[in-house]
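One chain follows as structure tokens, the form predicted alone.
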């Protein structure tokens, strides 16, 4: 028989606070009732209320300032993804699961990146600059850092900020598969990056999609994962 887990009062208050914010259509900067008023409204102690607000402050959902009190904050997606990085699904995910996740996340952004390239020529220029940086490095660690930065910049070019934040989780991919990267892989990787952004620049999303898919799935062959 599975034991019934006890629900912490703090977690209950966290959920109530989130519902209070959404039900009231509150926006960042809007004032919240003070601790005493909220504790009375939720029927909990001020200590439990304070524990809940501290938990929400961690992710920027609420803010507490001296002389101002509690206000609605702006969710910090970087903090969210930093903590999600310790989630078992990411820590224990198989090679294929992580690779497939990259395919879904990055390919999904390509049409938006192509659209922004058509509107703003500097998007393509900035990505080309990153490819040029690849060509000048001779250090494996630096190459990996540039690879992470390139794929993040490719997503950033889509203008989909939440997607960029969640993509940061995939740095786990680079950390875990670092040993699969050899100097012999550098040149094909650089050229693949260039072909991807050239296809987007030419508004050929289908070609960019195929190039990116092959670029990511290349690692499957190196690690014995079925393609």
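C-alpha atoms forming the largest set that superposes within 1.5 Å between two forms make up the rigid core. The model shown is predicted, which means the values in this text are computed figures rather than measured ones. Numbering follows the first chain given and starts at 1.
One more form of this protein, predicted in complex with the DNA, exists but is not displayed; see below.
Note on contacts: among 202, 64, 41, 194, the single residue with a heavy atom within 4.5 Å of the DNA in the predicted complex is 64.
Interface residue among 69, 28, 60, 159 relative to the DNA in the predicted complex, by the heavy atom within 4.5 Å criterion: 69.
In the predicted complex, the DNA sits beyond 4.5 Å of every heavy atom of residue 163. In the predicted complex, residue 55 stays away from the DNA, with no heavy atom inside 4.5 Å. Within this chain, residue 35 lines the site of the DNA in the predicted complex, having a heavy atom no more than 4.5 Å away. Contact annotation: residue 10 falls within 4.5 Å of the DNA in the predicted complex, judged by heavy atom distances. The Cα shift for residue 159 between this form and the one not shown, taken after rigid core superposition, is smaller than 2 angstroms.
A movement of the C-alpha atom of residue 49 reaching 2 angstroms or beyond is seen between this form and the one not shown when the two forms are aligned on their rigid core. With a cut-off of 2 Å and the rigid core superposed, residue 198 has a Cα displacement that falls short of the cut-off between this form and the one not shown.
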